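You are given structure tokens for the same protein chain in two forms, set apart as structure 1 and structure 2.
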Structure 1
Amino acid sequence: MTFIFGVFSAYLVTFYKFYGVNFFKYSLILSFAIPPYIYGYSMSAFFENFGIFYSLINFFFEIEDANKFLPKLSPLTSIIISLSLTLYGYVYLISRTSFSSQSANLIDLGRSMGFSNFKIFLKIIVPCARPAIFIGLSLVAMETLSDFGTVSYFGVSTFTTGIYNYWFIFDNLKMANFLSLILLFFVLILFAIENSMRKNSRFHSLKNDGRKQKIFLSGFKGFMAFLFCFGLLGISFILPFFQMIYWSLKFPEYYESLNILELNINTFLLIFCTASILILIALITNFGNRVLKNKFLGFISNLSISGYAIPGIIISVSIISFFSILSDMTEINFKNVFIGSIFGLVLGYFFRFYAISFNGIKSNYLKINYSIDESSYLMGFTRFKTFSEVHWPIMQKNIFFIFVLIALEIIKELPITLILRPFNFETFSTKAYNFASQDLIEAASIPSLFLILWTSIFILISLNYFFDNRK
């Protein structure tokens, strides 16, 4: 489903012109702003018996027994919908970038052979962008594998819930850890495939000759294209967003119990600490890799990014166990410093999100030609000076973008925050989770709304980067 949503919407906005195309080009990324678990909560509240959809039918058609008309979604369907509608953004972004760099010659060739537009899409555009699409899909796959909030809310037995069942019900943490090791193995295979795809993709890309023209869709076709994009944006962002607003307005009393200022401060404290450390270390390792060119170091740093696919809950447990063992061995008490403290949280985020900063900076470095380094050395610059005077100015803007990406993830993060946080420490996501688990999704809407607001703001201020840099 992410494949269909992502690729098709990217195809439409890249190759066609229709009413609102520029608006959709940007706004479709907003689906990133909503975490899958929050999407899941609000969707099930929408479609439940006597839920919001019921009220709508009742209101417009005055049918007594409107429950009959509600779609009965099985838990599995619900999960698939929640995950696809919140994650298709990955596929959309990456395939859009790939589509827009495709050569118009190929498409002209197809046209001269008498292919229909649809056939061109199927036989030329998609196969050419295959590596990019696959990268997008593998990101989605990793997010899906490490998802906790959604699967636990709907309670479907997946590999991940299997891990939790072993732990939560059978109390067998060892087995749970073993299963997550297998999960990690899967992820590493995905990584390997993605890596080789990336290498291949260099051979695929022909230079974009810049004379590509968008086809103007008018009448029925234009309307259909508009409808598809609008529908997608509608169900993936507008609908849940307005549902939250509706609840916040309908139940304003829940607003009082929230200390909004404190939640904001906590969230931003975490973002600031984590993002600075993540970026700093990613800079050092990347710079080191570049200067030293040691293969083993390169391998180690590649391995260190696999944390992205490990469920947060497993990362937190590993941190707890690690420091407890370390304290026993060294007889220095690390536990008070790292368990139930900001440090522990930052460390947890570090393992989970290091991939974002490492890959981001790596792709920046790939764009800086080695000859630049060499000329800088010839000018008598030291290595450090090469970094601070040459590399840093080139990358500065992109580092801001990486900062934004990390911020997005931290705002949405749930399990690590839940387990490792200190006393009296709440963020928007933990608050939303708390309310939702006492079955007051209406009250959860206010923290969720703030969460979505911040993620949307972060996305909006960095919109241009999304299209320039995510290749």
Structure 2
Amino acid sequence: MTFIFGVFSAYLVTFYKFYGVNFFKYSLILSFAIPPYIYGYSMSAFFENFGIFYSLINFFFEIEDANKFLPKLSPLTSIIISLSLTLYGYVYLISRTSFSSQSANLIDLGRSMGFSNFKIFLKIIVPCARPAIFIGLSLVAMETLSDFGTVSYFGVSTFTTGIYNYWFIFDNLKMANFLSLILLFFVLILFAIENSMRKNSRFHSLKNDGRKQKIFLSGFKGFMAFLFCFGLLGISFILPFFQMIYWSLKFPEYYESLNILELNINTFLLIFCTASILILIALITNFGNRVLKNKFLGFISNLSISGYAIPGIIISVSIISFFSILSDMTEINFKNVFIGSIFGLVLGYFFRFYAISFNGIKSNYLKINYSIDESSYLMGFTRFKTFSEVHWPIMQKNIFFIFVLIALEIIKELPITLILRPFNFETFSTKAYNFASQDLIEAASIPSLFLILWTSIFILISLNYFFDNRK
């Protein structure tokens, strides 16, 4: 489903002109603002008996027993839909970037051979973008394997729910570790495949290739293109967003049980502390690799970024297991310091999201020629002054983008926060999950709405970084 949604929407906004195409080019990425578990809450309530869909049927058709027209979605089907409509953005972003960089001459060659637009899409565009599309799909697969909130809400047994249940319900850490090891095996296979595809993907265009001319769609074709993009945006973002607004306005009494200011402070405290530490360490590591050019240091640095492929629940159980064993082996009680504390929570985020800061800063360093460093050394600059006077001004703008990306991940992260947080320490994600697990979906709407609002703001701020406006 993510292949269909992501690739086809990227194809439409890249190669065609139709009403609203410039709006959809940016707005389709807003699906990232909806975590899968929140989409699951919204969808289950939308289709429940006497729910919103029931009310809509009664309003337009005045049917006495409208419940019989409600779709009976199984828990597994509901999970698949929730994950697909919130994760297709990975495929959309990477596919669109690949489509934008493809050679216009290849497409013109296809037209000169009499290929239809559909045949050009199947025979030229998709094969050329296959490595990029596969990277997007592998990221979706890793996110699916690591999902906890959605499968837990719908009551479907997966590795993540099994790990959580064995640890917190049955108090069996050995079995939780065993399941974590099996899940880690599957995840690392996907990570290795994705990493291999990313290293082997190369896109070369001919010189003076020129810009691709978009095909103007009018009439029925233009309407269908608009309908597909608008429908995808509406189902993936507008529907859950406005449903949360509706519930928040309809049930204002739930505000009394919430401390919105405290939830905001807790969430942004975690974002600021974690992002600052991640960016600082990534800067030091990348600068050290650049200056020392040590292969072993480079290998260790590249190995450290594999954490983004490891599910949050595995990281949480690993931290608990490690500091429990360390406390038993020594006289120092590390469990009180790192388990159920801000320090342990930040440490969990560090392992999970370090790859974002490391790769972001590394990509910036690759754009800085080594001759610039040599010139600064000839001018008498020390290494630190070279960094502060030469490197930092070049990277400063993108550091903010890295901060936004980390904030997006932390604000949506559920299992690490749920397991490693201090007692009575709540964020928007944990508050929404706790309400939903008690079958108080309407109460979960308020923290969910704030979560969606903040993630949407972060995404809108970073749109210029996601896309090249010239394309």
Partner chain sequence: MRYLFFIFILFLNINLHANEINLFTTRHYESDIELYKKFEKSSGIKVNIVTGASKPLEKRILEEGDSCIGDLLFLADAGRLYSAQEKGLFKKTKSENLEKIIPSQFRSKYWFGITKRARIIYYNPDKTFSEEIENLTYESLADERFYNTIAIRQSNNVYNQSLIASIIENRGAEYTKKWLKKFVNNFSRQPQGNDRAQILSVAANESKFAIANTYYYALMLSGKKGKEQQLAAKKVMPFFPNQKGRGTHMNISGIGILKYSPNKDNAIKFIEFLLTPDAQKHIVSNSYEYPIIEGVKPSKLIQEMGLNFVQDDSTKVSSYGRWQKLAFKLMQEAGWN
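Residue indices: 1-based, along structure 1. Fair warning: this is a prediction, and the values are worked out from it, not measured in the lab. Rigid core here is just the name for the largest C-alpha set that superposes within 1.5 Å across the two forms.
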statement: Between structures 1 and 2, the form predicted together with the partner chain corresponds to structure 1
task: Kindly check if the Cα atom of Tyr246 is displaced 2 angstroms or more between structure 1 and structure 2 relative to the superposed rigid core.
output: no
- prompt: Just checking, between structure 1 and structure 2 and with the core aligned, does Ile372 shift 2 Å or more at the CA?
  reply: yes
message: After superposing the rigid core, is the C-alpha displacement of Lys174 2 Å or more between structure 1 and structure 2?
response: yes
- prompt: Arg383: how far does its C-alpha move between structure 1 and structure 2, core aligned, in angstrom?
  reply: 4.1
message: Ile361: how large is its C-alpha shift between structure 1 and structure 2, with the rigid core as the superposition reference, in Å?
response: 2.6
